[in-house]
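One chain comes next, on its own, written as structure tokens: the form predicted on its own.
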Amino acid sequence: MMHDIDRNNGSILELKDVTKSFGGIHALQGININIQRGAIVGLIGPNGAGKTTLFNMISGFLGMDRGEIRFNQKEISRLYPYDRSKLGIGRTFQLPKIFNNMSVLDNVLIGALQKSGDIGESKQRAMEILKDINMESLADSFPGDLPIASRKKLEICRALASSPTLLLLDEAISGLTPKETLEMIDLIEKLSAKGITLLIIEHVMKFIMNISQWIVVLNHGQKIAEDTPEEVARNETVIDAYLGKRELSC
């Protein structure tokens, strides 16, 4: 269930004039975004809008041509992905990037080892996370044997193992059944209740409009709107550039 953003919490992530080009293609042009601490924020836009490029720059997989990224008031623009993860930025990928030749438990253990070099302590934390996500029965299984919903949850578990305060979710419900989607919604709300800020890329409008407190819309590398889901759904610029009135309705 969607709740209003508490503006008293301050911002956790600030993007100022973030710009990135690939050759002559302007992937992102002067993006300014301020993510409030504890919020669930949806990042939407058509294919090629720049959403994944933005995720890659926030998490450190891509450098910027121009601009600044601040996390918890700290300039992180030049930090490597590992350093950003240690500060509290976690992410998942549209196609889960998990190790199929390692057990579910060992996949999560890798994330936990970022916080502690102690194997026993890290293994205990990994099991606690799996239990919290109702995946402890799969600890000895291998990812290749799991359905897509479980693999997506596993990637979230691995991201959680490094204790993020900001979690970037890239199409967490893509390919899921209606029942699996409801389970993912429950999981996202559970993470939000724990105080984790969530920035979510998603193309399923009914999902993203109902779970988000704030929506940022990209198109051709530019931010064309940001507002509450209700206001975004009524924004004529968004409607014309994206999916249309019927699909954008809350």
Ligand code: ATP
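The model shown is predicted, which means the values in this text are computed figures rather than measured ones. Just count from 1 along the sequence shown to find any residue number.
The discussion below concerns the form predicted in complex with this ligand, not included here.
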Practice prompt. Would you kindly say which of Thr181, Gln29, Thr52, Ser192 lies with a heavy atom within 4.5 Å of this ligand in the predicted bound form?
Written response: Thr52
Worksheet item: Exactly one stretch in 43-51, 29-37, 66-74, 192-200 has heavy atoms within 4.5 Å of this ligand in the predicted bound form; which is it?
Response: 43-51
Practice prompt. Spell out, yes or no, whether the shortest heavy atom distance between Gln94 and this ligand in the predicted bound form is within 4.5 Å.
Written response: yes
